[in-house]
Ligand code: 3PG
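Below, in structure tokens: the form predicted alone, a single chain.
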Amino acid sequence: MIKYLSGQNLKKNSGKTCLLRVDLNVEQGMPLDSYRLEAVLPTIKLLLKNKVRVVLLSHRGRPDVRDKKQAARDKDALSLLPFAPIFAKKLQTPVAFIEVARLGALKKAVEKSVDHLVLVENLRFFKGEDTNDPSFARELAKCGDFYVNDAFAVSHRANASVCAITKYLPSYAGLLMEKELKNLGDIIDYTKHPFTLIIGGAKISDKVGVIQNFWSAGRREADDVLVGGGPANTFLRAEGMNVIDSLVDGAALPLIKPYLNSKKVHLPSDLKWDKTAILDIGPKTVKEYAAVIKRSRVVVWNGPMGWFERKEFGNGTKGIWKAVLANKKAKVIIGGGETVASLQLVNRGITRTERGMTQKRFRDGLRDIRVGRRIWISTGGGAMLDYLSGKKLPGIESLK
């Protein structure tokens, strides 16, 4: 049974130190003030309000700790230092940044700091993090009194600060983690119909599990699967179409055989090409997909319909967004960094304040928008896909 932070009497932990695992894995070149950063603020605020000292743990990228020259370059490019002033500004409190060469020095550095909010340097600069090393986790655990996992997005990875650490400290799921599990769990346990899956992005091999898990699943079986992007190219190729130079996930061709020629699977009836490559679904397909979405009562979407970063190939994804937002009766789950970023295509015109609306911030280069409570934007891409595929996530299992 998972213990949730929301159900604990935090006043009893006043004066103690919490090791809080968050997800600050923002790609280079992307704005650091991201949706994932915003999403974890409520948990930090709750802990600080109850006079609990918070030590933030995260990783960023995949630094090479074996090659000294590359490690030096990674230390600058993948440091978590730039996040410190962002947290300080948003939470109106000083943030201590701790960088140590050896994990053994971390405990002393945390104890020496007088600030209530501490940010530790990228944990993947240490060899033991990525390998889920128990010794590394044990030393890390000495820096706090209890542990909270609020990083759903990395809970499909068996890292030391996600899994092994729970063996050495009382462990809880944070506020964001609780919301993720509730919203995704509702889809699995209480699916309403018609239920529609929207599959896009680049590869389909990492999404086949979701299709399979909702294919012949009784009362939670998907009624329709709308396919776009690279997955659509792969399906079309499997059905014999010459897609020329379009992106195709060759490894997935054997995996999608059970779903070929099924009436449940909707493939594009028209396409937008850039010379020899398919880069978006066409306007006829957008209308057909929108009609399916309109009658849906549950929608799960992962992956844009095309190369939306190029204006001329963004209409497919934009059309799907408009259809999803127009359906006021459906429960909607959206995940994947690209899918969330593509919301910039329609963020104008949906800022009208309505009763029951809650503001969610998307800082991945987007303006502030408002999304209804019926829509859950998951912070997880791979983690969401694994969870909806029925897989056991190491970070979730370790909390049990």
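Keep in mind the model is a prediction, meaning the values are calculated, not measured. All residue numbers are counted from 1 along the displayed sequence.
Beyond the structure shown, there is the form predicted together with ligand 3PG, which is absent from this document and is the topic of what follows.
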- request: Determine whether any heavy atom of Arg124 comes within 4.5 Å of a heavy atom of ligand 3PG in the predicted complex, and answer yes or no.
  value: yes
So in the predicted complex, does Ala153 come within 4.5 Å of ligand 3PG, heavy atom to heavy atom?
yes
Hey, in the predicted complex, does Asn25 get a heavy atom within 4.5 angstroms of ligand 3PG? yes
* Is Arg237 close enough to touch ligand 3PG in the predicted complex, meaning at least one heavy atom pair within 4.5 Å? -> no
Checking Arg220, Lys322, Arg138, Arg157 against ligand 3PG in the predicted complex, the residue with a non-hydrogen atom inside 4.5 angstroms turns out to be Arg157
Of Lys51, Arg62, Arg374, Lys45, the only residue with a heavy atom within 4.5 Å of ligand 3PG in the predicted complex is Arg62
